[in-house]
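Single chain ahead, by itself, as structure tokens, in the form predicted alone.
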């Protein structure tokens, strides 16, 4: 019983000492704020700054206040001072250069801020302070990824400190894109399909996605062409491929020679040496690639579709493969057959 009472007494004394210390810190901070009124005036206050100035500052023995010398110094150099409370994120596969250099103050205020996370400006402006080329691109491009201007802005896709993925991505590229593109999206006059569903239900995936992810064809920030495409690609039913610039996006990967009039090697889609890709595209109302092929994926080899949109109608597309070629029937024509070797 005596030991129990002694323990209670010691706990009481400890509590009193801690409470007294906390009150002393509050008094000291209040004294600092008599002159430094503005340091904590913003809505988001750095916790140490709100509790006690002495968490980060200590006297250097010189008179304070004084116009001739600083009377206080940091208790530790940066970034070691920050890492007394925050995790050290300067090592990793992909590290933001300011973090790598230990320049926390390139992005953060030290006492208080108008923004969460104590950044000196909200995203994307805080990012544009260094990445001015992206700001210029977003301002001057006809099409801007809405993720940049909405929600968490740049932080939707990028980590501000470090990440296990290249370019500070929050996840592997395709997985990251499909976190948003897992549903039908309508934006102004544009509609975006449920890409995640397309990739899940179709057997054959576009090699560009498998090899380069989404950024092989799309710019993740802003682009001149619709749907953030990195080069021209027609959106309608018809295209004149005589001017290869009309389908420049495809030729970032595919050889433009695929559209030569005659060939025995460039494509299997030929009737003897007649290139049937040429036949379908080299006319005033040439057929768009998407009249036969899926952009992202398709149920059949070569991403051939079972049906395609023609105006407001979903048109059946029945393709049958044979050993030497195949046959096709659509609403555009009766059954057409082809063979790479003509007897």
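Positions refer to the first chain, counted from 1. Take the two forms, find the largest set of C-alpha atoms that superpose within 1.5 Å, and that set is the rigid core. All figures in this text were calculated on a predicted structure; none of them were measured in a lab.
The next section is about a form of this same protein that is not shown, the form predicted in complex with heme C.
When contacts are judged by a 4.5 Å heavy atom cut-off, residue 285 does not count as touching heme C in the predicted bound form. The closest heavy atom approach of residue 36 to heme C in the predicted bound form falls within 4.5 Å.
Looking at residue 298, you'd find every heavy atom of it more than 4.5 angstroms from heme C in the predicted bound form.
With a 4.5 Å cutoff on heavy atoms, residue 201 does not count as touching heme C in the predicted bound form; it lies far away. Proximity to heme C in the predicted bound form, taken as a non-hydrogen atom within 4.5 angstroms, holds for one residue of 243, 273, 260, 106, which is 106. Contacts between 297-322 and heme C, taken as any heavy atom within 4.5 Å in the predicted bound form, involve 302, 303, 304, 319, 321. When the rigid core is held fixed, the Cα atom of residue 41 travels 2 angstroms or more between this form and the one not shown. Residue 238 is not among the residues whose C-alpha shifts by 2 Å or more between this form and the one not shown once the rigid core is aligned; its shift stays under 2 Å. In the core-superposed comparison between this form and the one not shown, the C-alpha atom of residue 72 has shifted by at least 2 angstroms.
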